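A lone chain, given as structure tokens: the form predicted alone.
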Amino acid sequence: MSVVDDILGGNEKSAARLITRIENGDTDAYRELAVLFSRSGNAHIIGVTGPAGAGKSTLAGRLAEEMARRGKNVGIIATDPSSLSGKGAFLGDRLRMKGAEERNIFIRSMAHRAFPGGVAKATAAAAYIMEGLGKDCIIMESIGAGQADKDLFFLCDTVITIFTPEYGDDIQLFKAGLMEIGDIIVVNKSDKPGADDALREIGIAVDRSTRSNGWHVPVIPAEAVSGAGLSDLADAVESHRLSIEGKGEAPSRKAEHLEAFLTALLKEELWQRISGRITAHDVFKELSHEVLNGTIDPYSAVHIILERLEREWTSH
């Protein structure tokens, strides 16, 4: 049997190996992924985002448990910050998802690898592979990278944005657009002082915003450690899924998201291919030395480098 056949047959070890090969840039792995991609598009992908320390990992794990109790075949993709030395995932999120692991929910920790939005290039591939395993509900947790976290929107059918009673310290995240992309907002750690005020103020902010599709964003209090509020959250997720399907938005929404994510991947791939050529070029080394010596500022150096390389590349 091929790797693809193994995965379609539910072999999670084969799925994990294929994800690792894709993370490592294995060309053959991408060919195998192409077969699985043709089978994708039916799972409900749920994004979980928010500021650091909001409890994303714990809530994602608890939500997975609740969805599994409701009969869903669940997978989790947890995106960790990359190790500075080995570029691997820290696996810290896994420590907060023991309940999900005990239910044998398939969890994959992914290294960030500097992809915009805290979502590794291979994360989308992991979602397609999980669909191949038969997962009909995939929970995708990002590392919470502020403005760039909006790219999570392009992978998910439903986005959950998490804040805490101390959300006022993260007011810039409102400006960054996390309020805009959240289909559901959770105020986690709602047992802490200030939770009622946070719920009221965020509710007012949500009421002021409008959604062209008529969806009213619910604001849900929760306490992920104890599991309080998770049933209400799962109900809201299901309501949002039914809303999308009932209005016939699912195909156009997926097409829009796929196009936007394809653009993001293209930018990433182009940068990876070009950056090596730039940093190895003599003009880059020359200008870097001048910046270090203080004879030129970095901004001017970048413009000079680009101008010289453009003249060189267009003349060939």
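Every value quoted in this text rests on a predicted model; they were computed, and no experiment measured them. We number the residues from 1 along the sequence you see.
The same protein also has a form predicted together with a small molecule, omitted here; what follows describes it.
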- Item | Interface stretch in the predicted bound form with the small molecule - options 22 to 30, 48 to 56, 35 to 43, 65 to 73, non-hydrogen atom within 4.5 Å | 48 to 56
- Could you tell me if A222 has a non-hydrogen atom within 4.5 Å of the small molecule in the predicted bound form? yes
- Mark R200 yes when one of its heavy atoms lies within 4.5 Å of a heavy atom of the small molecule in the predicted bound form, and no otherwise. no
- Query: Even though the small molecule is not shown here, does R96 get within 4.5 Å of it in the predicted bound form, heavy atoms only?
  - Reply: yes
- Interface membership of K192, the small molecule in the predicted bound form, 4.5 Å heavy atom rule: yes
